[in-house]
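Single chain ahead, written as structure tokens, the form predicted on its own.
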């Protein structure tokens, strides 16, 4: 069936982006943390749990920062040079310069 004959085009299924997934997870964790720390659920937590629960977001933030720093450091340390791609890029640069020189541009 042709488009002109009335075939409908299906729109893609709406998907949640990675940012939206992270924001939902943070909202869920944040609301659980707030409910536990404010006593909104009516639970009586021991004082040792409350002492750990209050600074938990700061601990998680520092842990995420350390993980990110470690990941970036590892990726930089294990980065591989692409010598073939570098040679190809240099040859393309030389071709572009030669073409521009033919057209009257001076370097």
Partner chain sequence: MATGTDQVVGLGLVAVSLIIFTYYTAWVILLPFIDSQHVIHKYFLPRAYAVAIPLVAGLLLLLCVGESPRPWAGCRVGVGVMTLSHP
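Positions refer to the first chain, counted from 1. We call the rigid core the largest set of C-alpha positions that still match within 1.5 Å between the two forms. Only a predicted model underlies this, so the values are computations on that prediction, with no experimental measurement involved.
Note that the form predicted together with its partner chain isn't included here; everything after this is about it.
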- Item | Heavy atom within 4.5 Å of its partner chain in the model of the complex - the one residue of 40, 45, 29, 69 that qualifies | 69
- Query: Hey, in the model of the complex, is residue 34 touching its partner chain, heavy atoms inside 4.5 Å?
  - Reply: no
- Align on the rigid core first; then say whether the Cα of residue 68 has moved by at least 2 Å between this form and the one not shown. yes
